[in-house]
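Same chain, two versions here, written out as structure tokens and called structure 1 and structure 2.
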Structure 1
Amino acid sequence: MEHLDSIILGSGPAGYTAAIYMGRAGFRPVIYEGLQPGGQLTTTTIIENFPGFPEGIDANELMTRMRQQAETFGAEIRPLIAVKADLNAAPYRFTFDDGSEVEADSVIIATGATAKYLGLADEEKYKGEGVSACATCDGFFYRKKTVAVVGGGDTACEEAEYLSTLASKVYLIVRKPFLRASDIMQKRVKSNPKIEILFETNTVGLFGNQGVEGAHVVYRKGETDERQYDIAIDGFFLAIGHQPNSNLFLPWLKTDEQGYIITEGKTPRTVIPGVFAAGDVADSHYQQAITAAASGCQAGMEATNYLRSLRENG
């Protein structure tokens, strides 16, 4: 079995930043790209809140630059997904989707998080035929059409804004009587004439003979003025938060009730020595490119110290 001193699982801002720090400290970490090369940012458009880019930067370009920077400092990037882990004892063992196996002295888990769905049978039925969790990936197909975005957070507002540049009308379906998004995003969606916000509304089904043609929605479910009605839409976009990609590690690591990895205090250390968690997989709250990069930096520094002390102690 191949033995490596350090591996990084995931290729978002956390994974690349960890690699940059380890590379500059003289290590040559191997990054396993995982399910979504470049991470979740690659499904968005312009990043306006990553410091250093006053005009904003295309998200894919930002990730390409991070990747190049990691490679400049010696990281090797493998286009593989970890399918099995064994963290019982160091060195820690992993199997990848091509059947290859490695053991590593230190591991940085930066596997991120994946978009959630409502859990309706119709979401499965119409997946790829009108149902999507990525407006930037699929918005193009809805030029001059009507779409709905579900959710009231920053992601939902950003997706609604983005889709309004393509579609003729966007419904924003929000289950509460208010948005949870930041003030600036709330202002943008509320003042956008193409966006209609349906507060206190839940989706209970989708219909259509050739892909999605509409949604069954309920206003104020369970209240005396409950009302069920249909809206005609061509596309249905989910933006209701994320599920951390931590399943592989659940037998060994501490997680919260949603599955986010719990680390020691403000550090990226997990309960297993030499195993660190960084980025969205360990952050249910901030979930920003910049916070992911910052925790990747911490994980890279911790892994470097850990490997140095391993070497010093024989």
Structure 2
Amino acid sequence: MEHLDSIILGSGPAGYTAAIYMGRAGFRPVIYEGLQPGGQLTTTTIIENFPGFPEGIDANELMTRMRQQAETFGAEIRPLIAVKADLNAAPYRFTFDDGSEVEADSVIIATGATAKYLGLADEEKYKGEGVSACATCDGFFYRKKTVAVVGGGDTACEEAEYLSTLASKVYLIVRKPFLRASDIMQKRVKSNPKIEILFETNTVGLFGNQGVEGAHVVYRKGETDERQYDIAIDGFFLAIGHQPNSNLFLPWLKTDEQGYIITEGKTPRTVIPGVFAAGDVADSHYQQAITAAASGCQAGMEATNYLRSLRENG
């Protein structure tokens, strides 16, 4: 079995940044790209809130640059997905989708989180062309336009509130006849003149020739007073939550009720020595490229210190 000093699972901002820091410290981590090479960021278009790019930067270009920087400092990148893990004792063992197996003294879990979608074919069709799961990332492109947000919890209300500062009108599409958000968020949304709440409404499709131009919705689907109609929109935002990609590690690591890996205090350390978690897989709140990169920096430094201590002691 191949033995490695350190492996990094995931190739988003957290994974690449961790590799950069470890490489500069003299280690040669191996990055396993995982389900989505480049991470969730590659599903969007232009990034305007990552420091250092006043004109914005294409999301895929940003991730390509991070990849190149990691490789410059010695990281090896393998296009494989981990399918089995054993964190019972160091060195930690992993099996990948090509059947290969490795063991590593240190592991950085940067597998990210996947946005939940409604499951419509049109969501995939218009992804990056009007469909988004991040208002903070993409809201700027809808200044003075009409958008829709799907969801009824705090996240949906927060995104609708945020988008209302940019867009001319925001539809909040809620499947239930009530909001699940906290009282204060409900009050804010209901009192906002730019936000129209569509209760008991389901989105069944999107349409448009040049990106999203509208949505097909159904009021009280399946009921005797069911009504189908269209709304004209320029952007469609999903705010029904994310699913952290942590299932592989659940037998060994502590997670919250949603599956986000719990780390020690403000560090990326997990309950297992030498195993660290960085980025969206351990962040249920911010979920931004810059915060993922920052936690990747922390994980890279922690892993470096851990490996050095192993060498000194053994």
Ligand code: NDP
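Under this definition, the rigid core comprises the largest set of C-alpha atoms superposing within 1.5 Å between the forms. Remember, predicted model here, so these are calculated numbers, not experimental data. Residue 1 is the first residue of structure 1, and the numbers go on in sequence order from there.
Inset, instruction - Assuming the other structure does not fit, state which one is the form predicted together with this ligand. - result: Of the two, structure 1 is the form predicted together with this ligand.
Inset, instruction - Kindly check if Pro177 and Asp122 were placed in the same rigid part between structures 1 and 2? - result: Yes, Asp122 belongs to the same rigid part as Pro177 (C-alpha assigned to the better-fitting superposition).
Legend entry - Interdomain rotation angle between structures 1 and 2 - two rigid parts, degrees: So the smaller part swings through 55 degrees relative to the larger one.
Inset, instruction - Please state the CA displacement of Leu198 between structures 1 and 2 in angstrom, with both forms fitted on the core. - result: Displacement of the alpha carbon, after core fit: 3.7 Å.
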